[in-house]
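This text opens with one protein chain seen in two forms, each one given by itself as C-alpha cells under the names structure 1 and structure 2.
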Structure 1
C-alpha cells in the first residue's frame, strides 16, 4: 500500500477502505508515514469528507494506537461524559457527582484547556493538594469508592490522536466533522466506559458556530458510538453566552460547589441536570428522563452531589473542606469592575472573546506550554436580554497582576453588545441525538 495513493483516493472524493485507514494511522503512529503526507491527507479529508464507516474506522484505528483502559473491575454500567468545550462550562463538576449520588459509576478522563475554553483538569488542579495523574488501579479504586473519578489523560492513551491533533492545529485542519468526531470518540472508547453522554456546544463560544455543523458532529459521534457497541447520547446545547457566570479555574470550581450546595443555579444547573439525566438513563438507573430528573433533584437537595465531589477530591489528595468553605480556594489579589458603556439590552455576547479575556489574565493557555494562574479570571453579571444602564457593572475581573487588565476589561466590554431591543431568545438545549435513533 502506498500512502500517496491513499491521499489521491481521498482527494478524488473516493471512500477509503478500512485497511487503508489502518495503514495510515498505524504508519503515522510508528513514524513510517511522515508528517507531510499525513497533513496532505488531513487536508484532503477536510475537503472530501469521510462517511460514517470511514470515520468509525478512523476512530477505531486511533483508539487502538495505544492503551485501552479496562474498567471491568467496577460493578455496573460505567458512564463517561464529554463536552466539546465552552466558556464558564463547569457542568462536569456538577453532573458527575450528582450521577454518582444516584448510584452511577462515572469514570472520566479529562484534558487540559487550550484557547478560549477551560479544561476540567486545570479547574480541579486549582484545588490545593489535588493530583490527577493517577495509576489505573487508583482510578478504578476512586470510582469504586466515590462513584466518580476524573483523572488526567495518560500518555499511553490514543498516541495517534495526540500526534494528529498537534498536526491539525498547525495545518488548518481542525474544523472537520470526521476529524473532530474521531478525536473525541477515540478517547472515549479508549477510556473504557460502557455508555457515553456528549455535550456538543453550539454558538459564539463554541468550536461549532452553526447549528447545522453541530448536528452533523452530534450525529457522527452517536453513529461511532453505535458501531462500537457503546450507547451514546448527544445533547446540542447553547454556547451563545457563558453558561455559568465564572470564567477561571478556582472561580469555576467555586461556582460548581455553590450549585451543588443549592446556593445558585441558572442555565449551568439546567444543562448539568439535563446531561446527568441522560447519564442515568444510559446507565439504566432510571426508566426515563422524568424519573432521572426527580432523583437528581432529590440528590441535589440532600447534598449528595457535594459529598461525592468531596469524596473524590479527598482521594485525589485535595482538600475536601473547600466543599464547605470555598474561600479556601486560591483567591485573586484584586477585583476590577467592568462597566457598561451604554444603556439598553444585552443583545449579543462574543463568548469566545470572553474566554480570550480570561486567558489574557492568565486563566488559560495560548500554547500548551503556558503556565496558568488558578486564581484569576472573571465573573459576568449580565446575561443575554438583561437591561443595563450606562456605568452599570457588566462583570468583574479577578486579577493578580495589573499587566493586561485594562485590555481584558476592554475586551469584555466589546464582547457585550448593547442594543435598543432585547434579542430573540434561543433554547438552551437545541437537540438530543441518541445512537440507534432512540
Structure 2
C-alpha cells in the first residue's frame, strides 16, 4: 500500500477503505509516514470530506493507536465533557467540579490550544505547581478521591491524535467535520468514560461558522458515540461573541474561579450549567434537567464546585489557595485599555479576531512549538447589544512585552463594530442532539 495513492484517491473525492485509513494512522503514528504526506492527506480530507463510515473508522484507528483507560475501579457512571473550542470558553473548569460536587465522577482528558481557541491544559498549567501529565493510575486515583480529574494526553493515549492535532493546527485543516469528530471522539472513547456530553460551538469564533455545519458535526459525533455504545449528548451553542469576558490562560482560570465563587455569571455560567445538567442526567444522578439544574445551583451557592476544583488542583500538585486568592495566578506587567472610536451599539464582534489578538500577545500558539505566556491576554468590557460612548473602554490588554502590542490593539478595535441600532440577538443554546436520534 502506497501513501501517495491514498492521497490521490481522497484528493479525487473517493471513499477510503478501512485498511487504507488504518495504514495511514498506524504509519503516521510510527513515523513511517512523514509530515508532508500526512499534511497532504489532511488537506485532501478537508476538501473532499469523509462519510460516516470513514469517520468512524478514522476514530477507531486513532483510538486504537494507544492504550484504552480502564475506569472500572471507580464506582458509578463515569462522565466526560468536551467543547469543540471557542474564545473565552472556560466551561470545563466550572462544569466538571460542579458535577463532582453533585456526586458525579468526571474523568476528562483535555488538549492544548488549537488555532485561535484556548486549551484547557494550557489554562490549568497557568496554576503554580500544577502537573497535568499523570500516569493512568494517578488519573484514576484523583477521580476516585475528589470526583474530578482533568489531565493532558499521555504519550500512550491516542498518540495518533496527539500528532495529528498539532499538525492540523499549522496546516489550515482544523475546521473539518471528520477531523474534528475523530479527534474529539477518539479521546473520549480512549479515556474510558461511560457517557459523553459535548458542546459544539458555531459562529464567528468557532471552527463551525454556520448552524448547519454545527449540526452536521453534532450528528456525526453522536453517531460515532452510538456506534461505540457510549450514550452521547451534544449541545449546539453560540460563539458569535466571546463566551466569557477573559481571553488568556490565567485570566480565564481567574474568571472560572469567580463564577464558582458566585461573583460573576452571564453567558459563561449559563452554558456551563446547561452542560453540567446534561452530565448529571447522563450519569443518572438526576431524573431530568429541572432536577439537575436545581442540584447544580445548590452546589454553586454552597461553594461545592469551588471546593472540588481546589481538591483537584491540590492532587495535581498545584496551589489550591488560588481559589481563595486569584492574585496568586501569574500577572501581566502592564494593562492597556482599548477605547471605542464611535458612539452607538455593539453590533458585531469578530470573535476569532479577538482570539487571534490574544494569540499575538503570547496567549496562544502560531506554531506547534511556540511557548505560551500564561499571564497575558485581554478582558472584554462589552457584549453584543451594549450601548457605548466614544472613548468608552471596549476591553483591556494584559501584556508582558510591547512586541505585537499595537497590532493586537488595532485588531481588537477592528473586531468590535459599533452601529446606530442594536443587532438581532440569537439564542445562546440552539439545539440538543442525542445518540440514537434523540
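Positions refer to the first chain, counted from 1. This structure is a prediction, so every number in the text was calculated from the model and none was measured. We call the rigid core whatever largest set of C-alpha positions still superposes within 1.5 Å between the two forms.
Each of the two structures shows the same chain on its own, and it is structure 1 that derives from the form predicted together with another copy of the chain.
After superposing the rigid core, the Cα of residue 420 is displaced by less than 2 Å between structures 1 and 2. Relative to the superposed rigid core, residue 27 undergoes a CA displacement of at least 2 Å between structures 1 and 2. Superposed on the core, the two forms barely differ at residue 430: its CA moves less than 2 Å between structures 1 and 2. We note a C-alpha movement of 3.5 Å at residue 51 between structures 1 and 2, with the rigid core held in register.
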